[in-house]
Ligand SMILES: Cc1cc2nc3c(=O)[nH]c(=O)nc-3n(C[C@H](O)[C@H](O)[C@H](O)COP(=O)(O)O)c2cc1C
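Take a look at this one chain, the form predicted alone, written out in C-alpha cells.
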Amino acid sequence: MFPFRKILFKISGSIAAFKACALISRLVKEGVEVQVVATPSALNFIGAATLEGLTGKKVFSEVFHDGQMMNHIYLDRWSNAVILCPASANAINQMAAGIADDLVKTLFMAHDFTRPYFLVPAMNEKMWAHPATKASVNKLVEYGVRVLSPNSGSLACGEVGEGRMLEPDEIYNLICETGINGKKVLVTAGGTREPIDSVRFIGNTSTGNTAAAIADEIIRSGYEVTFLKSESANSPKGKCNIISFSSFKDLKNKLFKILAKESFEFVIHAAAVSDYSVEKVVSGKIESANELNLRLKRNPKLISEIKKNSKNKRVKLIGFKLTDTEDRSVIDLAVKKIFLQSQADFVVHNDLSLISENEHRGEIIDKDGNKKSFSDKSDLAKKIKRVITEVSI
C-alpha cells in the first residue's frame, strides 16, 4: 500500500514526462489524491487535459492566477509528500540556487521539510555528470530532498548512459520503501587511531569515503542514519546523526552504547578497525633521540559482538573484508571466517588489486554464497541500498 494519501505531483520540462502519467494513474487507482503542478515547459511535452483526466483535478501552472495567489503555500501544506518527476537539469540547478521563477520552484521554496520531497531526475548523461548538476544534487540532499537516482540505459537523445529516468513501477516501489519512516541504519566508517603517546598513533589509510557514499544513498531512501565515524573520516552530505570516535577503545564503547540504546534494522560495519593496540601508552611525548620498541596487544573483533550487543536481536549485519591476494580459495576462506565469527548476513569483499583512485570493484556476498558484483563506490552504494530495502526484518 502506498504510504502517502495526498501527493503534490510536480512535473518539469523533460521528454520523460510521459512516464509520469503511468505513475499518476497507478497512484489514483490506489485511492491516492494527486494534485499536479507543471511548469509551462512540461505542458509542451504532455497536455493539461491528460493530467486533469487522470487526477480529476485542475492542473496548476501559473504563479499569478486570480483566486490562487497563495497556492505556493496552500498546495504544499495540503500534501503528505511531494514528487518532482521528471526533474530536469534546469529545474534541479535552479532549485539549488534558490531561484523561484515558476510555480514548481516557488513551491519548493515554501516546502516544509517535515514532509518528504522526492526528486526523480531525467536528463542526458553529460548533464547528469556535469559538476554543476552534481553540486546542486548534493545541496538538495543536504536540504533533505530524497533523490531517486537515474538508471543507465538508452536515452531519448540516442545516447546510452546514466540519466535515464526510473520506470514508474521502480519509482513507486522506492517511495513505498520510504513509507517505513523511522527505520534506522547504523553505518561505521573510517579507521581507528591507536595512541603511542600524546602525539603519535598507529593508524591506517581509510578515508570513510565508501561508507559516506553508502550512507548518502540510503539517506535518500528515507532511512534514519547514524554515522559513527573516525575523527578524520569524511561525512555524508545528507542529514544524519554523526558521532565521532578515535581509538579502538573509543569506538567499542560508543558502538556498544549506541547499539544498546537504539533499535537498528541494519548495521553496516565499514570501519577499518585496528587489529592491535599499544599495550602501554606513554603519557606525554616520547623523546625521539632513542630507538623505540612497541609491544602490541591484539584487539577482539568488534563485528563479532555487534549482534550480541544490539537492542534489536533481529538486526541485519553487513560486514566488510579487504584481501590482498588473487587466490580465490584464500579469499573464500577469509569471507567464510567473517560469516562464522560475526553471524553477518552479508559481506562486502574487495581486493587491494581492484582498488585505486579510479577503480573500486568487488562483490556483495550473502550467507548462501550468492554474489553481486559492483563496479565502483556509487554502484556499491546503490546495491547495498537495494539489499537493505529488499530484506524484510
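Worth saying up front: this structure is predicted, and the values here are computed from it rather than measured. Residue numbers run from 1 along the displayed sequence. What we label the rigid core is the largest C-alpha set whose atoms superpose within 1.5 Å from one form to the other.
The form predicted in complex with this ligand is left out here; the points below concern that form.
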> Pick from Ala91, Leu186, Ala189, Cys85: which residue has any heavy atom within 4.5 angstroms of this ligand in the predicted bound form?
Replying inline: Ala91
> Of Thr55, Asn350, Ser342, Thr39, which residue is found within 4.5 angstroms of this ligand in the predicted bound form when only non-hydrogen atoms are counted?
Replying inline: Thr39
> Which of 365-373, 379-387, 21-29, 8-16 has heavy atoms within 4.5 Å of this ligand in the predicted bound form?
Replying inline: 8-16
> So in the predicted bound form, does Ala122 come within 4.5 Å of this ligand, heavy atom to heavy atom?
Replying inline: yes
>> So in the predicted bound form, is this ligand close enough to Cys176 to count as touching (4.5 Å, heavy atoms)?
In response: no
>> I'd like to know if Met127 sits close to this ligand in the predicted bound form, meaning any non-hydrogen atom pair within 4.5 angstroms.
In response: yes
>> So in the predicted bound form, is this ligand close enough to Asp102 to count as touching (4.5 Å, heavy atoms)?
In response: yes
> After a core superposition, would you say Gly190 shifts its C-alpha by at least 2 Å between the shown form and the other one?
Replying inline: no
> Is Phe45 one of the residues whose Cα moves 2 Å or more between the shown form and the other one, with the core superposed?
Replying inline: yes
> For Ser277, is the CA shift between the shown form and the other one at least 2 Å following rigid-core superposition?
Replying inline: no
